[in-house]
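The chain that follows stands alone, in the form predicted on its own, written as structure tokens.
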């Protein structure tokens, strides 16, 4: 398969009106739709599919936007095959309804027709309520939380350390999977709700979260995400040509493609890891002109955390999978440039805590794969020292914040947290739901706080 070198524009377009309504027409109109139960963000596909089936397009759009302010992003990026579509009863007749594609169509149709979230179409402009909330991080969890609070009339300011909002949607996904123009439309809907976005505004000093409370914010939601890449252990000096997945993908989004291409064009490249990010990096490396791209993974193909369609697409494009091989180090040439990756062959042993069979290294099986470029895509963790930013908040070993997933409350009064910073690396759709959950808890907290103020009545509604 020939791979285009164009990294701009999403590969697969959305449905048009006729195709989307025909797909919705296959709905069996289940009384208790199992697809809705399979959506972590509670976007309620059973409801919007039903409305589209009966040509109530406005109602279908309203359902998505009411339940998920990032409905477009989730329609594009969600692994629907193992979530909502997995439980679709239409599979017993023919195949599951392509729910993600229908959801994406509804959002694109809304933008194309000038559909606005305010003006009676989705949300009425709420009366301004007391309560000012700071959201730290403009990724999916932070944006979702901010939208829910703004819908209830509270003033919300989102502080983002990076130059642009979006978090992983902007900096962690290549353009051929999710383009910036699409994200911009989602953000316009958010701004219509009255959310204030402050970019290049890190909340990253000692006690910064607590200081926000002292400065007049009634509550703080921490959605900082995971921006520190895991590294291959034992690497003392990094050879030239070695990248982390974070730096690699962010550089593309920042317009540094030509700079990156110098390290990859015409060369052999290795990508370390087996998740969706590793697959993205491998496919990008091909588009940068790599002669050969090797995906190195210590377990079997069936145990790779990447989605099946992602793995199949990478194989079709020409990525070479080297499985049951554990990277253990690098080889550099006399100039300090990467010359190879050292690996040890593995076999699968007993199950570990992940529920998968643990890779066991085979003695005497070390070998070297000759490559001139490599990308480490083996996971993410909290930024070093980030717990100092919120010293009153309890954290788990490894730096993840301790917060109850049922209400996103932390150990500190008035401080809530959600998304990857409490779960570890996870799906966008789960981060969206964490934002909604946190917003519900914050509304309740603001209501409780208001009742303690003499002469004030509680204006915040419970979720």
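Values in this document were obtained by computation on a predicted structure and should not be read as measured data. Residue numbers count along the first chain shown, from 1.
What follows is about the form predicted together with a small molecule, which we do not show.
Exercise. Evaluate residue 330 for contact with the small molecule in the predicted complex, applying a 4.5 angstroms cut-off between non-hydrogen atoms, and reply yes or no.
Key: Taking the distances in the predicted complex, the answer for residue 330 is no, it never comes within 4.5 Å of the small molecule.
Quiz item: Is there a heavy atom of residue 395 no more than 4.5 Å from a heavy atom of the small molecule in the predicted complex?
Solution: Taking the distances in the predicted complex, the answer for residue 395 is no, it never comes within 4.5 Å of the small molecule.
Practice problem: Please run the contact check for residue 431 against the small molecule in the predicted complex: heavy atoms, 4.5 angstroms, yes or no? | Solution: Residue-level check for residue 431: yes, a contact with the small molecule.
Quiz prompt | Residue contact check: residue 380 to the small molecule in the predicted complex, 4.5 Å heavy atom | solution = Because a heavy atom of residue 380 falls inside 4.5 Å of the small molecule in the predicted complex, the answer is yes.
Quiz item: Thinking of 243, 269 and 339 as the candidate spot, does the small molecule come within 4.5 Å of a heavy atom on all of them in the predicted complex?
Solution: No: none of 243, 269 and 339 comes within 4.5 Å of the small molecule in the predicted complex.
Exercise. Have a look at 294-302, 261-269, 154-162, 363-371 and name the one stretch with heavy atoms inside 4.5 Å of the small molecule in the predicted complex.
Key: Answer to the contact question: 154-162.
Quiz item: Of these, 107, 226, 343, 134, which has a heavy atom no more than 4.5 Å from the small molecule in the predicted complex?
Solution: Checked against the cut-off, the match is 226.
Quiz item: Which of 311, 177, 185, 101 has a heavy atom within 4.5 Å of the small molecule in the predicted complex?
Solution: Of 311, 177, 185, 101, the residue with a heavy atom within 4.5 Å of the small molecule in the predicted complex is 177.
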